[in-house]
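Given as structure tokens, the chain that follows is alone and in the form predicted on its own.
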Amino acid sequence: MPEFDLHCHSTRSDGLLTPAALVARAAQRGVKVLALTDHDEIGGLEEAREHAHRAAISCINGVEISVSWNDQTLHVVGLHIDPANAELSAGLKQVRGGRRHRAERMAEQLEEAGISGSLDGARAYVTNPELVGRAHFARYLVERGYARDVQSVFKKYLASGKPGYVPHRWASLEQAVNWIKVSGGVAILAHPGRYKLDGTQRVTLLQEFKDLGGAGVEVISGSHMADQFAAWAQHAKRFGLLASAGSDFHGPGESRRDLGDLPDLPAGCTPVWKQF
């Protein structure tokens, strides 16, 4: 299923490639339908669409919204959104404002842990000043030799309970789904296998998500291990949700899966692209 990739990031949030370079890489790798889903940001969509047209790729307007749910941070992908929608734009601006404060708090905590200059270091990797994120801090810490790669930095410094982790209240699940829906989009629960949920919490989340108007879940994700594909296919079928697939690509050498490096959906799934 390499022709579909419905989750990836550019330099407009925490990716390493510009929207134009991302589209070019997708085309080289055989992707035919691409969704750019930057974190809480839609500023790269016009550039992506322009270059996708030249590359004969269908480019879907997307976004990935940060959500706080039951003391956990989740992400909801919006596909086929209208970037001109005023309610969506205002909501995303609100979420981005919270990111600035979190970055300052992260730098303070890393300073207390003996790591100096992390905020300026992270900003050196940022092309959108409104979106200083954990990935930017991670790249700086790798540069300084605190870990061998970005994944190791997250485990050692930036995950929950670690020195640089700062809890934050993002959008509510209801807000995120509503912003996507009012903009004409389809709400997808991103990489659900990544969240620390017991059986009861998983059922509660999926039922609440569906009741709010959520349409699907990422069954295939660069954040999932192979054995999670079938499990989340079953959850999607149980709750009557569509199945999506995305690499969650951030850049060469940083992501588990490259653009389009995706297996077929498990049998019995209803692909979200049937709605397009």
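Keep in mind that this is a model prediction, so the values were computed, not measured. So that there is no doubt, residue numbering starts at 1 and follows the sequence shown.
The form predicted in complex with ligand AMP exists for this protein as well; it is not shown, and the discussion that follows is about that form.
- With ligand AMP omitted here, the record of contacts in the predicted complex names 131 to 139 of 131 to 139, 117 to 125, 173 to 181, 199 to 207, defined by a heavy atom within 4.5 Å.
- Shown without its partner, this chain lists His80, Arg96, Arg102, Lys162 as candidates; in the predicted complex, only Arg102 has a non-hydrogen atom within 4.5 angstroms of ligand AMP.
- When you look in the predicted complex, the only residue of Gln72, Gln109, Ser89, Gln151 with a non-hydrogen atom within 4.5 Å of ligand AMP is Gln151.
- Contact with ligand AMP in the predicted complex, defined as a heavy atom within 4.5 Å, is made by none of Arg12, Asp38 and Arg257.
- Ligand AMP in the predicted complex comes within 4.5 Å of a heavy atom belonging to His250.
- Scanning 173 to 209 for heavy atoms within 4.5 Å of ligand AMP in the predicted complex gives just one residue, Arg194.
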